[in-house]
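A single chain comes next, written as structure tokens; it is the form predicted alone.
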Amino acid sequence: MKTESVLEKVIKSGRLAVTSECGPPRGAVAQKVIEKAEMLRGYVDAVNVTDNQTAMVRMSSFAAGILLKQIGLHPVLQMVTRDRNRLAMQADIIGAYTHGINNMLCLSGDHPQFGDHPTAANVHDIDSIQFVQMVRKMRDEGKFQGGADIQNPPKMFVGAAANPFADPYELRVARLAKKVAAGADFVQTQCIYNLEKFEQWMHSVCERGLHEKCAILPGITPLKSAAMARYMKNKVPGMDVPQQVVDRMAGVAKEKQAAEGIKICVEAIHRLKECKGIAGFHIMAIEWEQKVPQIVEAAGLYPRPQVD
């Protein structure tokens, strides 16, 4: 069954897609969501709305996604298996689609021990691969996981996440293949700083023909400072930040480090544009949304195609 997603239309057109993200606030403050989203208007094809990222309570991705939809943007509803069983997940999916949300990203979620409720229960009624499978079945077969028919099935463009650098590295492509087989239409990756290692991963992805079945969007996060680069390198699990990137950030004056981080980010996009199998970019400017237009323009990804 065909979906109606603008993001899908851009990808199918052969143009490089651009997505970004909007982290909901830690309170009932609709204006904060709208202010962040407005910074991205016209520069991205869809906006990810994170789901209690880093296992900290925030406005729900569902509610924030509706706010984006109301102002004419195209949200990607992120949903984690950590917090809901399959009943609640399927209910939220059809609820979101009722409001016109037709992109989603299926995730496991960060462990509660990393957030502000470390003793919260992990639900994980299904894993992220089963989650992708469930959403695809809802869309293509019009069936709930329990087997009952769905009235007006949710035509979701289904996304998954991939980390090319996590251990064991040799199983990374095989895990992606499972998500593609489950029905992932697109994949957004972990932040890419080790370009050479990512290119090796993409070579293996293309050898298996996975890029022909699923759109791969590498994650790009601009570094604000040398301190951020060191933190990403030493403290964030599954992240691969080469020492040369840290040294480059540390090699410029403190007041110029933000500009250097954006320069590194843009250089990475230009290089990865030449990498076989890339369908676009996911720009995660964490609490730095105002820089996304600058990055998109400098990377030659502007203007965005009009496919509505």
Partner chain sequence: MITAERKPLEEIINCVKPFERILLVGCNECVTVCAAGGRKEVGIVSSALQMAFLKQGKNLQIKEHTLERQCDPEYVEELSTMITGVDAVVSMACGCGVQEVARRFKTVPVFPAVNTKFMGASERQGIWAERCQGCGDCLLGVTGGICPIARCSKQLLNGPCGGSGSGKCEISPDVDCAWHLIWERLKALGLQDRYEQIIPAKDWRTGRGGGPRKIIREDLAE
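For clarity, every value in this text was computed on a predicted model and none was experimentally measured. Positions refer to the first chain, counted from 1.
The following text describes the form predicted in complex with its partner chain, which does not appear among the structures shown.
From the list 147-155, 218-226, 89-97, 168-176, the contact stretch for its partner chain in the model of the complex under a 4.5 Å heavy atom rule is 168-176. Within this chain, K213 is remote from the site of its partner chain in the model of the complex, having no heavy atom within 4.5 Å. Its partner chain is not drawn, but in the model of the complex it has no heavy atom within 4.5 Å of G72. The closest non-hydrogen atom of G209 lies beyond 4.5 Å of its partner chain in the model of the complex. Within this chain, D110 lines the site of its partner chain in the model of the complex, having a heavy atom no more than 4.5 Å away.
With respect to its partner chain in the model of the complex, the three residues N122, I126 and Q133 uniformly fall within 4.5 angstroms at the level of their nearest heavy atom. For the residues V80, M138, A182, M202, the 4.5 Å heavy atom test against its partner chain in the model of the complex is passed only by A182.
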